[in-house]
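Take a look at this single chain, the form predicted on its own, given in structure tokens.
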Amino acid sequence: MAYLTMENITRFYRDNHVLANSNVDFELRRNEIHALVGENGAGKTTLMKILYGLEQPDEGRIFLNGSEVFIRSPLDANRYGIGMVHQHFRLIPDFTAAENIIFGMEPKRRLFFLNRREAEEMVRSISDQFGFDVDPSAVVKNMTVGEKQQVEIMRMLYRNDETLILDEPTSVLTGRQIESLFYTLKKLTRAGKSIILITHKLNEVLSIADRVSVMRQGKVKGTYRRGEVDKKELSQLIFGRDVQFFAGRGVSSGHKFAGKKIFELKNVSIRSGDIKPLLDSICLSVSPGEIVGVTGAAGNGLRELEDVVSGLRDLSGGQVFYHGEDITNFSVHKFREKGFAYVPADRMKRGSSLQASLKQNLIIINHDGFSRFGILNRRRINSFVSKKLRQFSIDGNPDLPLHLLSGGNIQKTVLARELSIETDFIIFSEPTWGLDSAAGEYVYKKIRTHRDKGKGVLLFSSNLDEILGLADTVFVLFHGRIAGRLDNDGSLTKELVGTYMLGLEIDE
């Protein structure tokens, strides 16, 4: 018996003429995990934003326990016990983890003053209880993407909401963190909670969901109980075909690791005062025809190393080389002048300008290629943009601001721009975070194509399937140091990489 029902929900965006939801019916039962799947732009997040009060439907009604409710804002949703963890974080960067988690429900001292000690103890208790690794006093702007994701989830757990909406909650979590989260979700349903899980990871759907609803082109095409569909059938329902993510890494065509090193780090270190180094004597290199993967649990140096190789952070020690030239402490602008392509983990802040148009975001780093004597060639620009929209299946008006697109389409815009750069070196960080299976499959093909043409790829990823499916060489970070350098010859396993991530192995 459903306790939450959405009936005939329709949402039409007049600015860009997109029918996001068309007469959608959706129901949630008590004590269940209900997965909502579909390709980017299918309408999943819009439907859940309506349930959470961030969007208002043009038509349709919502019922809770048989009575119609009107959810005009997230405050209304919270009053009805509905919480949401967003794919793109809604955290206050200058606040600590604890301050973000308790915001609006702060424990008080003398009625008016924040009891900071009690707040941090409450957050630490949640972290310990559910297996998260979050320092309550850490400032959010200094956190990794994975740590921010955990803060979002913990905020909802702190509020003890009855209906939990999770939009791609595992995108940047490690395997152990995902296992811990799923254990928590199952425990919550046994305690009477109901959970809606938006995800592109079909293995997760099959392992944890009690029911799954498939959306396509703004409509629910069907709802299935666990065991009624397998991964192949789900893929066909979503895309009209079976999608294979990792059909083997393949072998580069005669360029593998040939010639001199394209990119190299020598004894790279970052220190802050007398505390333990954030990065400690990191040495790695990327050769022509090689994909080098870097992985590790949140808080072990991935974010800092990504900052170094993209020009966003200066070193305390060591050197960075590109084709033998010392480029240590080059700025982002100078890195770009060298021709680097860079797909950051944080697409919204680092990878795009949300107020600029989709078209402007696609050409922003290559204005010179579309102009002559300072005059833009609009025909060439429009041809280029149209081609990228088709190649990456980007659904949006190219002349409207990027923020009007779905999160998945924004990410595909960043990927389309960076993959169009003619370069022999490209940096990817969490390249398929939030992408549907078909888009992810296309990105993986492009990464392999770069390698097979003799180019170098540096891949940062917390997704071990991604690392093992793409990387020729794997570096594992633990406490800011390289815990292991592993050749991925086909026999490398997630279990072995996991032992290095936990510091249980010593690199010989």
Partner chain sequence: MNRREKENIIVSFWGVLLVLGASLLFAAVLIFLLSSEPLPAVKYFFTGPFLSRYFFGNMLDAAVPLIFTGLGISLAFKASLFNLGGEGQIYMGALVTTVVCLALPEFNGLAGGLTALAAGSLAAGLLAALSGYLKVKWNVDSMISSFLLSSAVVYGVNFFITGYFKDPSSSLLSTPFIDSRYFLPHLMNPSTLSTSIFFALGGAVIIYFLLYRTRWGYEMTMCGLNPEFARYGGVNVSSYVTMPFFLSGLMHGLGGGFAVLGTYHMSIKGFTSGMGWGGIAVALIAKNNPLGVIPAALFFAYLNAGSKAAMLHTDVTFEVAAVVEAFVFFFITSEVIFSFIRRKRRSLL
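Residue numbers count along the first chain shown, from 1. This one's a predicted model, so the numbers in the text were calculated from it and none came from an experiment.
Keep in mind that the form predicted in complex with the partner chain is missing from the display, and what follows is about it.
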Which one of these stretches, 384-392, 122-130, 416-424, 208-216, sits within 4.5 Å of the partner chain in the model of the complex when only heavy atoms are counted? 416-424
Even though the partner chain is not shown here, does A356 get within 4.5 Å of it in the model of the complex, heavy atoms only? yes
Evaluate F428 for contact with the partner chain in the model of the complex, applying a 4.5 angstroms cut-off between non-hydrogen atoms, and reply yes or no. no
The partner chain contact in the model of the complex: V332, any heavy atom under 4.5 Å: yes
Does L400 make contact with the partner chain in the model of the complex, using a 4.5 Å heavy atom cut-off? yes
Between the options P136, P288, G301, G351, which residue brings a heavy atom to within 4.5 Å of the partner chain in the model of the complex? G351
Of A438, L312, V140, L237, which one comes within 4.5 Å of the partner chain in the model of the complex, counting heavy atoms only? L312
Across 36-50, the residues having a non-hydrogen atom within 4.5 Å of the partner chain in the model of the complex turn out to be none
